[in-house]
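This document opens with one chain alone, in structure tokens, the form predicted alone.
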Amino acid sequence: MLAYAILAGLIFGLYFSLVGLGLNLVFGVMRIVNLAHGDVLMLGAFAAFWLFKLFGLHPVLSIFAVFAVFVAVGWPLYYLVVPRLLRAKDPEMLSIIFFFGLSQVIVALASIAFGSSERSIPGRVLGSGPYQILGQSFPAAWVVTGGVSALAVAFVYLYLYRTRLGYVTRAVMVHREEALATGIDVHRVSAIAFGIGLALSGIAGVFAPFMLGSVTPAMGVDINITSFAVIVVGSLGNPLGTVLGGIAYGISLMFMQTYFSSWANLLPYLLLITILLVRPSGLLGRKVRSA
């Protein structure tokens, strides 16, 4: 049971890394708190569900459609909203208020469009038989989701550390005003990062039916809590620190479900409280930059 909990925790940890990655990327670049993050993930889940139900499109293939659409939506949404938020005296607080309202609108519209019933995609779509890893058996859907999540994390790493756009993005993350003073088109860089952040959330939503069991329009609140737990554990404002937070969360979740199942739902809150009291800057120990 111990070996199973650790390996399953690593698989789920990779997925939860993907769940929190878009939220942390947006905060790291723009210092805004996207409380509609969980609802964007929910929309990605319903997009995968309806693409599969209406057109028989495999969820792995729907990743590309979801990524393209969410980036296309995120780009103009940034220019419509974010520059105005950043000009405020307290952009973090104003972003919380705005995105909370946006979250409520998304949930209301999704409830009208999709209803309140739970929806899911059969796990056999991602593979019929279990996979053997170090002598332990895991559902194919888990393993495929973990693999796709690892590829998404690798994509973000290459984007941030192996491309010119990534270099300037990290410059904006370190100090937005100094990046602007050096001639960097801060709004263009931020718009791209915002679109990618939304797209990563949408991709995480594609696999939510397999990892979370089912999807509903109201699932965003729980996703937000889990995402904040993951990114605070790793390091708030450090996108790749999300990987460490996700793995820590995934292993902790599997241990709780294995040995203390009745307490498993409290895990996000316990992790948040513990980290904020013991190490507020996260496990990587890097402080969020000052305004």
Partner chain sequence: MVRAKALAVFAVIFFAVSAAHAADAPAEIKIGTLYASSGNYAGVSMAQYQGLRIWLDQKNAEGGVMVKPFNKKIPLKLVSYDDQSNTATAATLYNQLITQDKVDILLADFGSVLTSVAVPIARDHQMLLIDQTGSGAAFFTKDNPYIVLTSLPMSSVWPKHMTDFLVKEGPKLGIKRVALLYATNDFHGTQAAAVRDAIKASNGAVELVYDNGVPTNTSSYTVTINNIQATNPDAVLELGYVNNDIAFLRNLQDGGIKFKWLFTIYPGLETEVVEKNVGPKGMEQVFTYVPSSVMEYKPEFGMSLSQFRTTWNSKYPDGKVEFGFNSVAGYTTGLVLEKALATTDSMAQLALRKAILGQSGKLKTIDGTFEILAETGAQVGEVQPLGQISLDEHGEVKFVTVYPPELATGKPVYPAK
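All values derive from a computational prediction rather than experimental measurement. Numbering follows the first chain given and starts at 1.
Heads up, the form predicted in complex with its partner chain isn't pictured, but that's what we're talking about next.
Across the proposed site, 116, 210 and 265 without exception bring a heavy atom within 4.5 Å of its partner chain in the predicted complex. Residue in contact with its partner chain in the predicted complex (any heavy atom within 4.5 Å), chosen from 218, 180, 88, 154: 218. This chain lacks the partner; the member of 73, 168, 140, 192 within 4.5 angstroms of its partner chain in the predicted complex by a non-hydrogen atom is 140.
Contact check for residue 163: no non-hydrogen atom falls within 4.5 Å of its partner chain in the predicted complex. Although the partner is absent here, residue 36 is not a contact residue: none of its heavy atoms lies within 4.5 angstroms of its partner chain in the predicted complex. With a 4.5 Å cutoff on heavy atoms, residue 112 counts as touching its partner chain in the predicted complex.
Contact check for residue 12: a non-hydrogen atom falls within 4.5 Å of its partner chain in the predicted complex. Checking 145-153, 78-86, 120-128, 196-204 against its partner chain in the predicted complex, the stretch whose residues place heavy atoms within 4.5 Å of it is 120-128. Although its partner chain is not shown here, in the predicted complex the stretch 232-261 places heavy atoms of 254, 257, 258, 261 within 4.5 Å of it, in sequence order.
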